[in-house]
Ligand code: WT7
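Only one chain is shown below, in structure tokens, and it's the form predicted on its own.
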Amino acid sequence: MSLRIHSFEEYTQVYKKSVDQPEAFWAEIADNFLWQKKWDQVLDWDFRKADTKWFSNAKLNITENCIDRHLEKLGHQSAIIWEPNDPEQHHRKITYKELHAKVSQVGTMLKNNGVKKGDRVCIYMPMVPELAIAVLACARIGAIHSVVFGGFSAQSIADRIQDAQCEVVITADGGFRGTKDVPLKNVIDEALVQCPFVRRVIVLTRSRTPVSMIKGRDCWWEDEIKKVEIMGNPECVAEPMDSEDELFILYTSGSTGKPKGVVHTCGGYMVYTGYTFANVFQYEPGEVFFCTADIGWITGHSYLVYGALLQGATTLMFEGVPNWPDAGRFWDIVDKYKVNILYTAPTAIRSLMGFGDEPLEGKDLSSLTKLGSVGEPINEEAWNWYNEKIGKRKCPIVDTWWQTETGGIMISPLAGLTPTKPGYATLPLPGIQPCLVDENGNEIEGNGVSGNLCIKFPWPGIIRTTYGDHERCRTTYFSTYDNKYFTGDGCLRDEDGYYRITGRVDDVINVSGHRIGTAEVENAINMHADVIESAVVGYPHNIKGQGIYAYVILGSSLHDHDLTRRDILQTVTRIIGAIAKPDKIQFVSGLPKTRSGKIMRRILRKVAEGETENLGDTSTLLDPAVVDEIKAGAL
């Protein structure tokens, strides 16, 4: 079976086969990849034990699929294009042939520093090509990479290093993000006070910031590479990995405050990310793919690095931020490299909308053929702006729904094939069997219904465990509803069978017996001309059971707040109905967001409920000071 689907009719046929004969379907898809030894069994699973195994006893190395198998045809094609933070600095282009040599070199360097198969390596680096190379080098030698976003606090890093027991850390002296210099090595030094078992820290030179280097523990990346060159750059042979060997750990915020180490394994993750990249983006050979996510997040893992390289794509890495040196930076990059596919977050889209049309003037966006959205449901206004201003109404938009735990995209249009609707993730990918259930776990049949979104059959990219604590994995994802993976999201399935994510289940507000999705209310508030962004939560209400509390960012401070409140209420009433009108509207200058752009609603809920002391872990926030302002202005 060909990896890529070419029409909507073909999608419906392929989807039917994937549900009727899932094992035969995935075996045919897996045949598109390079295996050192084929599997004995396609699938072995038991959701009650949170136990899933794909392609049992198969042997492979994901880097042979990402790099080696492309060398003959694509050796001289750019694998990675790197755009630095400072547009005045030189960009870099690394061909597949060069990437092969560099990954081999760094793999040997890691071996020289005592890293072996199964070891955990913490990577805390800026968005430079060496970050992607380090990730691939770990995979090449069978080490398990744990990438931590290059902006987390020392405590957050220490928690992650301790949980995974990483004895080796790869970092840089510093990094750049917009106008900020990020002192990475200093943060690592502070974290490692709590991690005396770390025996080696490899430091890349990036910012030339003065750093302290501890004898016997710390070494320079460049010095270690020279040692490999003196050895004659021996080829680093790809380590044979079992399909179910761990590939990486990626930490996601837990409700308890303790981060969860989501584990993905080699074979299933490879098949799923490669398959979804090819189909969702309808990738054509030679296209330039620009994913704006940091590699510290799952989107960066699955689509900037692995998914793109598995398909022989040219993937673009950007070190900086979308609004520096001005709000036209993304559009400059699209113009400069003739980007064909842009995959970014609604948060970025809404932020750039706020700057108006001026940053778009004089920018040639005609190379764009496909657009993507990731991270949260995209509101209708942002979807329309993205479609009209960026895509010029000729680029299909794929509104992709998935999670760190799913490994890859689960529900999404296939670009240019699936008819789209603003705000809808549309239809499941082949192999994905979603269902909606009520609070008691009863499946809700038919269309024009809503409920809690579950998946009732495994897919190759599914989470295997939470590192060192399998029971946490079982109770979090597999115990709420019998024999189902629970996504934690509420969802609507419309008359056409299209899926629309309505937000986390704990973000569904029950107002006087009516279930209202926070995303729906936010979408309505954001329609107001003066609103840049909003976040809505529920809070206890004496009469309605739950009231609606809205936190709203305005485009200008020159507003009559009472009048603007009334205008917003009128807007929500017009778009949804009077039942959805917020009871309280607090105007704020910012929202508590993680560095991946997700709003920490847990904090907003507590403030709305009058709880301002025990707000839990705020170390993962981009700007913790925002929380103090929100507490001070609570209504």
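Numbers for residues come from their place in the sequence shown, where the first is 1. Small disclaimer: the values here were computed from a predicted structure and weren't measured. Between two forms, the rigid core is the largest collection of C-alphas that superpose within 1.5 Å.
Unshown form predicted in complex with the ligand; subsequent notes refer to it.
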| property | result |
| --- | --- |
| Stretch from 414-422, 387-395, 370-378, 272-280 whose residues place a heavy atom within 4.5 Å of the ligand in the predicted complex | 370-378 |
| The ligand in the predicted complex reached by all of 299, 400 and 405, non-hydrogen atom within 4.5 Å | yes |
| Proximity to the ligand in the predicted complex, single hit among 83, 244, 173, 489 (heavy atom within 4.5 Å) | 489 |
| Answer option from 155, 564, 510, 209, heavy atom within 4.5 Å of the ligand in the predicted complex | 510 |
| Proximity of residue 92 to the ligand in the predicted complex, heavy atoms at 4.5 Å | no |
| Residue 195, heavy atom within 4.5 angstroms of the ligand in the predicted complex | no |
| Contact flag, residue 501 vs the ligand in the predicted complex, heavy atom cut 4.5 Å | yes |
| Post core alignment: residue 34 C-alpha displaced by 2 Å or more between the shown form and the other one | no |
| CA-CA separation of residue 436 and residue 579, closer or farther in the predicted complex than in the form shown [shift of 3 angstroms or more] | farther |
